[in-house]
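This document starts with one chain, in the form predicted on its own, laid out as structure tokens.
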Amino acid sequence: MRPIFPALLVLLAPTLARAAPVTPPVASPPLGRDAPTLYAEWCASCHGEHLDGGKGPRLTDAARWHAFDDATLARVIRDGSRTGEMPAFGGALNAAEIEALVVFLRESAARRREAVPQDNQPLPTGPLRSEEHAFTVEWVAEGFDVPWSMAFLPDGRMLVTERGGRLRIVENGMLRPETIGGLPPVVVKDEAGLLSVAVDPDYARNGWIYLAYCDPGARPETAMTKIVRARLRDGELVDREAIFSIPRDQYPKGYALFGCRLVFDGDYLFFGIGVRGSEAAVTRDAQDLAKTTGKIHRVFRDGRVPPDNPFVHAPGAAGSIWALGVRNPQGLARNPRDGALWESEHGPRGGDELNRIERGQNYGWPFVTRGINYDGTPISDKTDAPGLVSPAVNWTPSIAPSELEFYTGDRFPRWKGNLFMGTLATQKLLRFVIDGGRVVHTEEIFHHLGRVRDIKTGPDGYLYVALELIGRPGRIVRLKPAE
């Protein structure tokens, strides 16, 4: 079996960020067999059907997994152990199959230790303690159909998007019963719906509100991420303008992997667009500069393309592209201390990532990944490569990261400047300490209170969190100091 696009990977990796649009091959040979089959055939007889051990050691032991990084584990599978107790399988498995088996083993062991939540715990009634602060979790509002995104207006009101296609207002601690009118048609199916909302930094002067949503295409079962801005007047959106779109007859099929978060930086608006599908021919569009999918974009706040964008003069390239090679960006935040842009994204099965996004850089999807296809087959035999940026943090099994937020309030002084990230699959709120562009420390703040969809620093300095609840209407809570 050959590695994924071998000629392209060698030739393009060092120069892709400054090259003309890349057109990947139409098809590529399968990289190998699925990992569950490989485990059952080659590993289960020694390590047990469910990794519980037998002739070989138990593979669900957390200490064992902390002792091995992915490269070491792959080497042991390929070359065997130095003591000879573990035979070498390099002759039976190709490189891509070994990488897929590493993902499968980590995924299976982690899920045996910590099952994916099937319900939500009630809100804690007393204080919780983190490493830096004690805090309480306070109810703000509930009754949402998947509260996907929040944004505060200057008067303290909160805008909330529901993925089901409604824009709501929370005012004086109460969810107003009426919905805001004047929204464009929104596709609501699978992952499609109303996505991010953001308020213009100069809202007090210009009144602009920005929305990302899934727009229906001209052909059946097609949709695409679209961004508009409008003004709120008497409960209606008016003066609507398109900020980002592509021709509707070019919308891809399916209802998954749309992105999309909105982040302002001075006169600029950043946003991410997902690859819009998991099929090989579609997902490779992340490496094609003529395609807007699988990219981080930068435009002026009115949608114009800045003349200093990295690919604006590349023949055939979409001028709005700021960085490429991302899969499904779910979080985007700007560090107010140094201006750096950070992005979180869903991998396939494993390989979730946190990335520091830089101008013109290539983040590798699908040339390099630590994930595998949903059916267990390999995607690539590469986890990194020259010229392609590796993630700051990666997770296998998948945690399904969501929104990012740099805390900027004063209520939690020892959290100020820290990066917070929510997760969907594991229902966690995580805190990262960033130093010199690197993540130097990670802490879990809480878990199992719901799927964390959004995080925002409120004008009152508290940390607000939007929670999607399993089988129940969603809620918004806030963290308050307990000292």
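These numbers come from a predicted model, not from an experiment. Throughout, we count residues from 1 along the sequence that is shown.
The same protein also has a form predicted in complex with a small molecule, omitted here; what follows describes it.
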**Fill in**
Residue within 4.5 Å of the small molecule in the predicted complex by heavy atom, from E85, E236, D202, D410, is E85
**Prompt:** Which one of H47, K456, R453, R431 is close to the small molecule in the predicted complex, taking close to mean a heavy atom within 4.5 Å?
**Reply:** H47
**Contact label in the predicted complex: G417 to the small molecule, heavy atom within 4.5 Å** = no
**Request:** Report whether the minimum heavy atom distance between S81 and the small molecule in the predicted complex is within 4.5 Å.
**Result:** yes
**Request:** Report whether the minimum heavy atom distance between L31 and the small molecule in the predicted complex is within 4.5 Å.
**Result:** no
**Message:** So in the predicted complex, is the small molecule close enough to F264 to count as touching (4.5 Å, heavy atoms)?
**Reply:** no
**Fill in**
Within 4.5 Å of the small molecule in the predicted complex, heavy atom basis, the matching stretch of 69 to 77, 301 to 309, 368 to 376, 176 to 184 is 69 to 77
